[in-house]
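Coming up is one lone chain in structure tokens, specifically the form predicted on its own.
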Amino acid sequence: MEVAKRADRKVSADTGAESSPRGPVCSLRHFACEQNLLSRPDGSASFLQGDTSVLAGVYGPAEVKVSKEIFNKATLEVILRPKIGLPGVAEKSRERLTRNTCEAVVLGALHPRTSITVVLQVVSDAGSLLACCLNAACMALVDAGVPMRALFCGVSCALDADGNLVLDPTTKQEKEARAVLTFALDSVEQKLLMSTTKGLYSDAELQQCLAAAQAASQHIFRFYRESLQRRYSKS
């Protein structure tokens, strides 16, 4: 609990419409989100974290191919398209992690024998790409009206050579880091839905990063609420 409280005090996020300079090391970059950008998908969202930007589109629930049909729930697919070139191993890994996270919260049993497809287009990558993909996917699913038991968000952490924790790292910080950890958390109890790690770290550092991510997720979910309130506000 003490680690979580310390992390919560350090975490800050700017949820305004205008960009702002990055604050302390344990801080989140500027957020921006716009929904219902595309006409063809059932739901869409553009999510910006600092200079990292991802555009997401959700199709469905719709008719599914017989070969992919699941009799008791919806078939959920995630397609990640890089900014340049064809998808590689890294994109396939992010697709799998994003799909696993979405399957943990989407109430697919309400739409059996259907297909829900999430298409993610990387617009720019300046670090913490997987976390941005998760956030864009969540907001697009909300825009499409897909039933979910909770919202979810992604938070990335980096540990430098001295063991200092950096939230929402940039590409440069990720390259210089000893370890990079990304967590997906739900909005109800900040429970861990998915995690992926790269590099060397101790058990204590893992718990420290998770506590910091849980504290940071509260700011992201607050940004979600404010963004949706602005969109659906009658004023």
Partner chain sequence: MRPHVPPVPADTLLAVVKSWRTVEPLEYYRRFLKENCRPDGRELGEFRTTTVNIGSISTADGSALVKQGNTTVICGIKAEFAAPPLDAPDRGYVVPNVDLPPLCSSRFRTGPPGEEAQVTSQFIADVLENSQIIKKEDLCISPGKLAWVLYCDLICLDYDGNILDACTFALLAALKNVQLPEVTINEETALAEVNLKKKSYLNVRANPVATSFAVFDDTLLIVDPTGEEEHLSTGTLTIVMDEEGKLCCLHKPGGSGLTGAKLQDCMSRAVSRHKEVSRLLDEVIQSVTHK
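Positions refer to the first chain, counted from 1. Source: prediction; values computed, not measured.
As for the form predicted in complex with the partner chain, it is not shown, yet the points below apply to it.
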Exercise for review: Find out whether any non-hydrogen atom of S156 is located within 4.5 angstroms of the partner chain in the predicted bound form, and reply yes or no.
Suggested key: no
**Study point:** is_contact(L193, the partner chain) in the predicted bound form, heavy atom dist at most 4.5 Å
**Key:** yes
Point to revise | the partner chain contact at V188 in the predicted bound form, heavy atom, 4.5 Å | key: no
Check your understanding: Though only this chain appears here, would K175 touch the partner chain in the predicted bound form if you measure heavy atom gaps against 4.5 Å?
Key -> no
Check your understanding: Taking the partner chain in the predicted bound form, which residues along 179 to 213 bring a heavy atom to within 4.5 Å of it?
Key -> K191, L192, L193, M194, S195, T196, T197, K198, G199, L200, Y201, S202, D203, L206, Q207, L210
